[in-house]
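Here's a solo chain for you in structure tokens, the form predicted alone.
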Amino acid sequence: MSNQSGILVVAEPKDGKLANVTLESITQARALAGGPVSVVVAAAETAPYVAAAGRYGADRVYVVESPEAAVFRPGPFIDVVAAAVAAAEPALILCAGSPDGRDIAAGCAARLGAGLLVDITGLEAKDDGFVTTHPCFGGTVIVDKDATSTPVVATVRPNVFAREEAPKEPEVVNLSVDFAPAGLLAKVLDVVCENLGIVSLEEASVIVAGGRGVGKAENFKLIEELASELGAAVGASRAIVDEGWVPHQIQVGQTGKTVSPQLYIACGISGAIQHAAGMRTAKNIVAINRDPEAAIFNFADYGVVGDLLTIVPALTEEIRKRKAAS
């Protein structure tokens, strides 16, 4: 490609809206682009996603609308993004740092013969190119990486960039991509979600997280009960993930997920730098810890010194009473 400019954001539809990481990527792209900010989206119905992209300042939206696009499969979705890349000729392609986004990013990089920068937590324009920040070696080292060729393909860690609306009416470009059965390689018969009803950490506005202070695996149910009453997502520190008390999928921190909720309740979490890196951008942080010298109190908005095994059940019960009375 020649005359490459601007940034293409690969949209991730999620529960009828664009995932937060897509909106964050559009916002960051607006601040950096030396050309148009474009978005590509494939879905059974694209209108809501086009509207959301425009609300956050996309100049152009490439769309592929097909019933077959209701369920993600790497092959055809990579075809969609490849078609958008050919049309937009971007200098940078941003994908979500999610399982689906990583599939798309790897496939696109392979097709384009381009380099792939993964799990970026920072992005700047420099000398007609881009520099990204990336945590390495379990988050103990943070490195800057220069892209040496274009286009650049990168996956963005959720909740590392701001989301800011900048409404405009984007140009909508329909792409022609074949979703014929012969090209799908697989037919989806049914979708079964084992964690139906569980709030996603990346999208949650309230998170209740537990750490080593819960004492033992059986006590983690206290964290889950409080989260259930609040309609919150459940998180955990690396310490208890390493102990095998909870799955890695709910780990918050440099080697887990980066979150930015309105409210983060940290129960029995010391506040080590690795955990803090994943949740310090929360709007309000409440810490419950029996150690008054715990590091988490240094950046918590509200602190409760005491045993979470007593405080959390009492808090859960009080919330139940208030909900019943309302």
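Everything numeric in this text was worked out from a predicted model, so none of it was measured. One rule holds for the numbers: they count along the sequence shown, beginning at 1. By rigid core we mean the largest C-alpha set that fits within 1.5 Å across both forms.
The same protein also exists as the form predicted in complex with a small molecule; that form is not shown, yet it is the one meant from here on.
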Are all three of Gly97, Lys126 and Thr133 close to the small molecule in the model of the complex, meaning a heavy atom of each within 4.5 Å?
no
Among Thr281, Thr27, Gln274, Ser66, which has any heavy atom within 4.5 Å of the small molecule in the model of the complex?
Gln274
Is Gly306 close enough to the small molecule in the model of the complex to count, meaning some heavy atom within 4.5 Å?
yes
Answer for Arg290 alone: is it within 4.5 Å of the small molecule in the model of the complex, judged on heavy atom distances?
yes
Contact of Val208 with the small molecule in the model of the complex (heavy atom, 4.5 Å)
no
Might Gly101 be said to contact the small molecule in the model of the complex, defining contact as any heavy atom within 4.5 Å?
no
So which stretch, 230-238, 76-84, 153-161, 171-179, is the one near the small molecule in the model of the complex (non-hydrogen atoms, 4.5 Å)?
230-238
Does superposing the core leave Ala209 with a CA shift of 2 Å or more between the shown form and the other one?
yes
Rigid core fitted, then: does Gly235 show a CA shift of 2 angstroms or greater between the shown form and the other one?
yes
Shift of Val41 between the shown form and the other one at or above 2 Å (CA, core fit):
no
